[in-house]
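This document starts with two versions of one protein chain, written out as structure tokens and named structure 1 and structure 2.
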Structure 1
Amino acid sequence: MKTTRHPRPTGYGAFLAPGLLLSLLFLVVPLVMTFYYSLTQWQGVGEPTWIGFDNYTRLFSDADFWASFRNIAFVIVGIAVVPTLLGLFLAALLFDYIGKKHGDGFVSLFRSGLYLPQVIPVAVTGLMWGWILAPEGAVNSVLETIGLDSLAQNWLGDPGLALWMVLAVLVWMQLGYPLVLFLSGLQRIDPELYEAASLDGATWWQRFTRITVPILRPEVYVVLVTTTIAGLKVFAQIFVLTGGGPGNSTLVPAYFAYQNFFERADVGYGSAISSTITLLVLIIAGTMLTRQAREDG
């Protein structure tokens, strides 16, 4: 008796083809081209001149490049570390105290208010904060009104203050993102764990550090990875608020690359900066994800 042969399943490769093709066109090809131009001297027109790794040699002896990396370390603190810690603490506070005392509606209102800066265009928030922190802006006007004229400053024009002001704005813009993720993560924690800990006499802080933080570790990793990568690529906030100045006090690698690409027409050198940022992002993301995978078993 002849048996009917069924065709072998071909999998889902065909469904992945459009995504792979788009990734190839809009991700892989630009990355390869950027690395190629980083090995040339090119002003954006005409034929590039091959110079090997000269741009990278120049890069590592460039004081502005190292200044931009010192600044980006502060930016990562402002855009990743501080919002993560504050978001975790505020989420637990809203979940344990404010939600139980005032209801979920108040928590939703608070969460929406803190998340609002995430959905407002960066150009709008940058202009708003530029006006607030201007020498004739809202902050100085309030200080003068209450008789504290001596504290009025050129907040974004003083090299010693500009980066701290940028950090404050970044914390305000970023805080809602971890807060929303942590509030969502708190919903999956078994309430019996908190009840058992309370019966054993645990304080709120002990429940927070021994139950909440360990269980929310996957969310903490996600927030830290995504915000650290966002911090390394930060550009729009610097462009709108300070333009990298005064001097190079708020210069960051992405804005430094932009200056070389479009203001100095040094495309080869700008490509070397961009390639270095890309490599750094891949190393940090790979390291953090590998560590998370090991801890998750």
Structure 2
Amino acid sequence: MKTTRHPRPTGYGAFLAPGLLLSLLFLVVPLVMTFYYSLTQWQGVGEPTWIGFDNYTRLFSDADFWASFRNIAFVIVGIAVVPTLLGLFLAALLFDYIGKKHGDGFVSLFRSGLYLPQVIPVAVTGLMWGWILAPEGAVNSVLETIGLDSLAQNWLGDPGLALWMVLAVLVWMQLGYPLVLFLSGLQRIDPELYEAASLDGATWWQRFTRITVPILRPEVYVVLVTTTIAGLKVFAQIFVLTGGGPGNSTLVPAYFAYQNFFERADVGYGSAISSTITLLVLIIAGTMLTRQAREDG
């Protein structure tokens, strides 16, 4: 990249200064402080007491912490895996079938409908689903109307059910993201490729597995990585829907950290939890970037 013929234009550094300084001040300084707090015992007032890695050893024997990580695994299924698979299928169906036979009008109508939950504030989505799944909510009321009273549940209040309900809501919220990305990725495909394949007798399923999925590989990769990172950060959904309960059945690390910061005044411990999430997120993002840089050559 370096050109020796022209001297490098100078003086642009001044444009970088404000953004860089503000990011350091508002993002990096708090990051370092959180890590420092994680090595102390501190209630948020007075002086923090240095205790080394005690908070981290405590994490390892904390059932709530492990529960929150188990739940995160479920959350990632709900936010990354299921929407990606469903999105792939729907994108191919819309692009390669509905669009061809019935026109793009239907495709964009359906796409908009499925994308809509993505723009609604998560807190409001939680409010809405909380109401729908409440003991006297819409779901139970429908079950009663059709005479299936026996199936009525306290959907979010049952430790065995709550996590599954959260998963369902996450899938609902998240589906639009991969769908829109995949539909746009499919624009790269030459329509004649599909036509040639169908003329050669390829079924819809064969076109799906041999053409659509391989072509969308970059999008699938991006969706899986970005939503996995988003999954590690899930907070508002849990805060509004279940508050981590009942018990710790829907507890996630971000909410667990929040509880320690603001409800239990155990700032050191909360910091250890959030430092752990931060580290995980940075590792995943870093792996993705180096992989991508290598692919780009």
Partner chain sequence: MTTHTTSTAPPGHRRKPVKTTAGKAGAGKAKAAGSRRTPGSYAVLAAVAVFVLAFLAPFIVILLNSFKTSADFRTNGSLSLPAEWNWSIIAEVWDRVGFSQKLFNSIQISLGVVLIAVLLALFNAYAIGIGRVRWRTPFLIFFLGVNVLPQEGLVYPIYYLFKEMGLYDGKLGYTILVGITYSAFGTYLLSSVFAGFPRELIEAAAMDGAGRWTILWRIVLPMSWPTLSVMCVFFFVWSWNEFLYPLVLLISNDNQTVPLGLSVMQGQYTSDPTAMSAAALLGIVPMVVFFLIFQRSLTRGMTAGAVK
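For the two forms, the rigid core is made up of the largest set of C-alpha atoms that agree within 1.5 Å on superposition. Just so we're on the same page, residue numbers count up from 1 along structure 1's sequence. The structure displayed is predicted, hence computed values, not measured ones.
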Answer check: the form predicted alone matches structure 1
Please determine whether the C-alpha atom of residue 27 is displaced by 2 Å or more between structure 1 and structure 2 following superposition on the rigid core. yes
Can you give me the Cα shift for residue 286 between structure 1 and structure 2? Core-superposed, in angstrom, one decimal please. 3.0
By how many angstrom is the Cα of residue 17 displaced between structure 1 and structure 2 when the rigid core is overlaid? 4.1
